[in-house]
Ligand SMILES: Cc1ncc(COP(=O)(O)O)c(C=O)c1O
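The chain below stands alone, shown as structure tokens; this is the form predicted alone.
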Amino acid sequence: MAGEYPNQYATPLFEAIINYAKGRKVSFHTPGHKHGVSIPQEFRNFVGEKIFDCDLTLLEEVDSLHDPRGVIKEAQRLAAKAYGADYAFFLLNGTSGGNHAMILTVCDPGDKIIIPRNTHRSVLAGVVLSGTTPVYVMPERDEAMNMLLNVTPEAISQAIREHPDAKAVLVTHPTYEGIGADVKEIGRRAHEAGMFFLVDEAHGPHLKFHRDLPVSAMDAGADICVQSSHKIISSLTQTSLLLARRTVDVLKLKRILSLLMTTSPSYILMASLDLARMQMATRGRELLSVAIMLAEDARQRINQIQGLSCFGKEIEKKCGANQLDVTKLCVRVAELGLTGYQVAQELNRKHKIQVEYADLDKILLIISIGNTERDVRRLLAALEAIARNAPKAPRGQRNHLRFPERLPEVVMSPRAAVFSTTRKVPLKEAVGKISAEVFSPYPPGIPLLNPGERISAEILGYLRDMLQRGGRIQGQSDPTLRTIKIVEQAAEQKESGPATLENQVKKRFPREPNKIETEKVGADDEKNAIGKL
């Protein structure tokens, strides 16, 4: 890799920060701690002194993120070259902010965008901010694991045929669990239809640097992608990269990023991006080879523990699982007679091991370039101890809740619902109403119900059971889920008089004959379902 990128050893921003710190200039500018002088001693004792010399503001020597002309411009140019992009932009509000920027750049208010139903909630936020209308595509489902996989090219083509006026296609690659999409084929079909191809590559900042990992978004022909450098490689939390090609309006992209980003960016965070890029471009293959070896060894040994299972490359034979990032270990624990929440809690409290996330059926473990063989041995010993003492589930018993198969009925755009007049109603009164908020089991942050969608008894039951079994739901105003915020008056109704909400919605968002809708539930079925809540 070093031979391919001979200049990738340079870290222009980091070096400029070091040189400035060595100059020991007297500060009459922000930040107010003045090279750490006024920082409480407890903080300084814990983190050391030099970090505060790196906490700078917009200065000639260290450039400006909003108008880069020097070392930041060069650092971003090196990142673009390393990832095979035409442009790279440092992000300091994570991939969430990057998802907002992608959508706002290529879509105008009223445009349609094709997105997977299991996309991250930040994509929905981008839809709300841009005023676009989402066209949802359901990913494939693995029944045995009760897990959503990824979207297929055929499902994307179906959405393109039904909505040829859509402006863009956005996919998640890979998913939280490491399951990749056939991004090359999906990108080809999107481009053939004259649509932009966007990729939420939050969990793929390492893909470019090892041939045994799924193809990267840029290599697959994406117009824009965003990746969370902090999630998998070595930059600090909150840092991400946005990568783009000349196929997009880069001037507009820069304007959008300037609107979304802080005017007081952290130079410590940006320096970590500069260094992480250098590390991956010069040593990525070497470091990732070790991580892959550790992950595959752990996978094999986990599958030898009674009651545990961890899928591997064999999942690529399934529809909707084109490629697998083997550094993700998705461990099913249901056969132990325990939930993923319980296993994660015992790993944490008794064995001092933290997992990435847990749900009713499984735990997710990420093996990165920062893990060691000792880490894996400790993990395996802990899992063996938990399995040995577990009650074991009766044959055929399942812990999991079945993710609702049917898409909620989309009644109005998410933006219209968010900016409408709303009110809170008790849970039992919400069935049939229009949601004004998002309900997202977290992690992984995939919305189950979005603003503008019809609330069903099935969805409310699922949310209730999630909470009862230890799950966490984010996005809603009432964390207890005793009440739900619903649309009382559509935003457009405020301007146009007392016409009914349904008529206003139909007028502005006419229903298309091929639109996927929730099947009508019979009155008796609905009544029985509500009674169970």
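If you superpose the two forms and keep the largest set of C-alpha atoms that fall within 1.5 Å, you have the rigid core. Just so we're clear, the structure is a prediction, and the values are computed from it rather than from any experiment. From 1 onward, residues are counted along the sequence shown.
As for the form predicted in complex with the named molecule, it is not shown, yet the points below apply to it.
Worksheet item: Does the named molecule come within 4.5 Å of a heavy atom in each of H210, S234 and S368 in the model of the complex?
Response: Heavy-atom distance to the named molecule in the model of the complex: none of the three under 4.5 Å.
Item to complete: May I ask you to choose, among H206, H230, R332, K167, the residue with a heavy atom within 4.5 Å of the named molecule in the model of the complex?
Response: Here the answer is residue option H230.
Worksheet item: What is the one choice in Q76, T105, T95, N150 with a heavy atom within 4.5 Å of the named molecule in the model of the complex?
Response: That would be T95.
Fill in: Stretch from 369 to 377, 115 to 123, 269 to 277, 422 to 430 whose residues place a heavy atom within 4.5 Å of the named molecule in the model of the complex
In short, 115 to 123.
Discussion item. Test of understanding: in the model of the complex, would T132 fall inside 4.5 Å of the named molecule by heavy atoms?
Written reply: Contact with the named molecule, no.
Worksheet item: Within a 4.5 Å heavy atom cut-off, is A202 in contact with the named molecule in the model of the complex?
Response: The answer is yes: A202 has a heavy atom within 4.5 Å of the named molecule.
Worksheet item: For Q474, is the CA shift between this form and the one not shown at least 2 Å following rigid-core superposition?
Response: Comparing the forms between this form and the one not shown, which are aligned on their rigid core, Q474 does shift its C-alpha by 2 Å or more.
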